[in-house]
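In the form predicted alone, a lone chain appears below as structure tokens.
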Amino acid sequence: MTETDLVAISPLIFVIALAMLIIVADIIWPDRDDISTGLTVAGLLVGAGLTVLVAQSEAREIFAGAYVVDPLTSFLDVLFLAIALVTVLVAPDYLRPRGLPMAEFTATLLFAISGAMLISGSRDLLVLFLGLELLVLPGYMLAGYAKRDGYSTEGAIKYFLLGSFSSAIFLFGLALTWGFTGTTRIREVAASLAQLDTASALAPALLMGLALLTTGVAFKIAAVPFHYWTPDAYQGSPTPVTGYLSVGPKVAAFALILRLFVEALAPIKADWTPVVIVLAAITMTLGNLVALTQDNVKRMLAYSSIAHTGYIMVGLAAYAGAPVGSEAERAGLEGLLFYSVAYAFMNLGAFAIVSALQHRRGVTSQIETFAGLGRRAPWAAILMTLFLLSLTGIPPTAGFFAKAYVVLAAVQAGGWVSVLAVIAVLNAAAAAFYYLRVVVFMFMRDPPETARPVLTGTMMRAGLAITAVMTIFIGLVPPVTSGVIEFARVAAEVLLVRTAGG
């Protein structure tokens, strides 16, 4: 490895080193949550700056082509670091009153983020799988972080068992794809598949591999009918962890989809496009329908997260269903990436408000907890309303532009994909009922007699400020919106150029 290669991969190395530094610091200064939190926040800001600097250089392949640093890698890495930063800022107000140490939490979170960053630049099937496992194994630990809480333990066990099965299924799919193509390099897999006679049926081994890969990935993004682990894992996990799980692993799984399906399996996209269309339709529909029946806000947001998986898949379906080389292909990938950014901030913001309400032990996330919040803590009610309106897709929030982007891409793609645009709009309208129900409780219900003032620390306020500003700015401030769109466009074009080039 040359010095230039080392610089190219420096953001990933930095995050891993930061996690180790926090462990060492906790050994030297035990029970000093302020030190571990401060180190993590400062380190994540430095890591984001380092990622932006590396992004200024030309795309570069390292480790004999197994890892690439390109605009897509940089786009996703910045997003992953932003997700980690908001999570760390929100966590102390929830963890400290419950006696849960911050150092272990932040170190585990950083190892998970390093797995996500490894996925974003992987161009080898084995490296993709290693990155996936480095992402999900710390995730199991975070889900069960409140180890004295029975719900947390139950959710973590379900998450672990189903996650392990899905990883095994995914690995079998990789093995069959490797056996059929004779290579683990994504570029060479694409070249091998491009030589197939598209007029004939796929070989049984490749067809089985494609089915297993699709199933494994569907588990990771919580697509219906592979979503059963999501509600229990989200409800049982500590609320800051739930916020992270709802966006971090999901965006990382879509990064895996981009590297595997859009780059490696693009030559046979006609064979997996119908599956994506069906999964997108039933995922957003079932997620919204079940969310309508929930009285627990964390569980409601869990099913909402499933529905948003379906919305993001509309962008993937627009790419897959569009003619090769068309504008709709690029629009679909742009929409997927743009939606990921908008969804990350507005969903983290919603879970941050839930965390703020649960600052005191014993406070549940039942919808009654939000009653009268507009009088008890007007700022919290206003911010929660902002995030819920954005999740609904009300203009001019980031969520509106995100939904508009994927819907327009689906319309451009035409065919059966355009039906997804109609389904997405209908689902967005249905989602307004359960999102606005929370708003009604906050402003039109009397607070319970046991309600207490909402207390927040400096870091919680900083985390809420970041999520609120991004949710507003991506929708209302043209330079920010166009900047994110341009970054997404460049990242999408990298994938399209490689697909066209084989």
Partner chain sequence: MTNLPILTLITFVPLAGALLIAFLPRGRPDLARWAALITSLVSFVLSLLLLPAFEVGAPGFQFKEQADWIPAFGIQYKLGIDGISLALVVLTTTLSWISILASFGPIKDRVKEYMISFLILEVGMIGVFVALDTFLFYIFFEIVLVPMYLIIGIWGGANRIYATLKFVLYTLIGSLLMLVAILATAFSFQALNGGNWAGAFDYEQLRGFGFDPGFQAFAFLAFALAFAIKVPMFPFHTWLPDAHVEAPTAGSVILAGVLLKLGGYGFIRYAVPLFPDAAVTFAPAIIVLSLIAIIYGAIVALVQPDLKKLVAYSSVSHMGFVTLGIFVFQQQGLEGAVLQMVNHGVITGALFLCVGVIYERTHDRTIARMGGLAAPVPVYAALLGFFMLASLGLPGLSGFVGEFLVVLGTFDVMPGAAFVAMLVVVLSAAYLMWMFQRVVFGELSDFLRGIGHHLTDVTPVELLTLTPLVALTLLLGVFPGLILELLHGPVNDVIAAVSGGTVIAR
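Just so you know, these numbers come straight off a predicted model, no measurement behind them. Numbering follows the first chain given and starts at 1.
The same protein also exists as the form predicted together with the partner chain; that form is not shown, yet it is the one meant from here on.
- In plain terms, the part of the chain that comes close to the partner chain in the predicted bound form, with a heavy atom within 4.5 Å, is 440 to 448 out of 51 to 59, 440 to 448, 460 to 468, 33 to 41.
- In summary, among the residues A168, L161, A270, V422, the only one with a non-hydrogen atom within 4.5 Å of the partner chain in the predicted bound form is V422.
- Site annotation in the predicted bound form: the residue of I394, L289, V275, I282 reaching within 4.5 Å of the partner chain with a heavy atom is I394.
- In the predicted bound form, the partner chain lies within 4.5 Å of some heavy atom of A429.
- A17 falls outside the set of residues with a heavy atom inside 4.5 Å of the partner chain in the predicted bound form.
- Interface membership of L436, defined by any non-hydrogen atom within 4.5 Å of the partner chain in the predicted bound form, is confirmed.
- Although the partner is absent here, S74 lies well away from the partner chain in the predicted bound form, with no heavy atom inside 4.5 Å.
- No member of the trio V88, Y94 and Y244 reaches the partner chain in the predicted bound form with any non-hydrogen atom inside 4.5 Å.
- Contact annotation for 316 to 332: a single residue, E327, has a non-hydrogen atom within 4.5 angstroms of the partner chain in the predicted bound form.
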